[in-house]
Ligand code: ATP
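This document starts with one chain, in the form predicted on its own, laid out as structure tokens.
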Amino acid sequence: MICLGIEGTAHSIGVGIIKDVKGSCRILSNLIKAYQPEKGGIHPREAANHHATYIADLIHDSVQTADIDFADIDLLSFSQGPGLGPCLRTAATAARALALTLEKPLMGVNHCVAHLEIGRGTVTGCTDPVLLYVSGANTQVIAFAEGKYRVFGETLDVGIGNCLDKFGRTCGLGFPCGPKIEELAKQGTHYLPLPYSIKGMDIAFSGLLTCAENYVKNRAQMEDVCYSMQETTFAMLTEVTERAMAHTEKQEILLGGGVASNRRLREMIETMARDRGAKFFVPARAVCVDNGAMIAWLGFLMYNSGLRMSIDDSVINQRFRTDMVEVTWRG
């Protein structure tokens, strides 16, 4: 089966085409166009207008890159939520229009679960992991239990990606700020104390963010502030992930989301996994960031398990939580 997926939850519009090969995901194409605001963060309506401008060309180019015809597509899927309303509606409208035009079935999927499943579908040996999902708006520790993907810990305020981006914007680093902070952190030599806020299994970044911004206002070295931010936030993420692994007794850890590209975070999680005798997995960067291939793959899994969706059922859900999904494709 060949599935085309459309991702449009926030700043990126992506179109991916996948093919199921004996239960594994073969990515035929995976194209992304990212919205870059002139200043500040993401404006939902401007991002949606950006997506509407590029979606048709992305679909056409994705089909060409995959070296298939539109008639070869068996299923259309799209990111149903969570995300920014105008962006979600743009992606959903495109998917509905294409499904009706091609007379093919349609499947709306949960964006967060898609990050987990693309890892299981593309990384050899990863079968039943605890997922540390770290992106702009989302920060969750997720694992499969009793028929659903359960959230064992999450942010109580902002996602780790938004925390880093807000700090970077305040300091004039531009958007996206994560890669720039990572480079500056490599040059840091002194750790500056920051709030380490873990509440049960959940974490909070807002106090740490304010403290880091105050360091910059008081003329601390930017490299040291970035270094301290990474060390503190990533240590918090590592701690709650290890707790979830101990609770679930799982022996695999999978990273997902755009912040999973950060080498220091990978290093800390891998060290924790090795110390526990567990296996560490991280997908290719192209499927760590928001992308259409992960939406296509989850759409295939859901459809193949017997789920069906009508046009009337394809309404977006901005607050579509990970643990709201009935996982019918896993035993």
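Note that residue numbering begins at 1 and tracks the sequence as displayed. It should be emphasised that the depicted structure is a prediction, and the values quoted were computed from it without experimental measurement.
Beyond the structure shown, there is the form predicted in complex with the named molecule, which is absent from this document and is the topic of what follows.
Peer 1: Give me the residue from C25, I316, A10, I17 that has a heavy atom within 4.5 Å of the named molecule in the predicted bound form.
Peer 2: None of the others qualify; the residue that does is A10.
Peer 1: T241, T233, N138, T90: which sits within 4.5 Å of the named molecule in the predicted bound form by any heavy atom?
Peer 2: Partner contact (heavy atom, 4.5 Å) among the options: N138.
Peer 1: Spell out, yes or no, whether the shortest heavy atom distance between G119 and the named molecule in the predicted bound form is within 4.5 Å.
Peer 2: No, G119 is distant from the partner.
Peer 1: Quick one: is V259 in contact with the named molecule in the predicted bound form, heavy atoms, 4.5 Å cut-off?
Peer 2: Although the named molecule is absent here, V259 would touch it in the predicted bound form, with heavy atoms inside 4.5 Å.
Peer 1: Hey, in the predicted bound form, does P179 get a heavy atom within 4.5 angstroms of the named molecule?
Peer 2: Judged by the heavy-atom cut-off of 4.5 Å, P179 is in contact with the named molecule in the predicted bound form.
Peer 1: With the cut-off set at 4.5 Å between non-hydrogen atoms, does F205 touch the named molecule in the predicted bound form?
Peer 2: Residue-level check for F205: no, no contact with the named molecule.
Peer 1: Which one, 159-167, 120-128, 221-229, 145-153, holds residues whose non-hydrogen atoms are within 4.5 Å of the named molecule in the predicted bound form?
Peer 2: Heavy atoms within 4.5 Å of the named molecule in the predicted bound form occur in 159-167.
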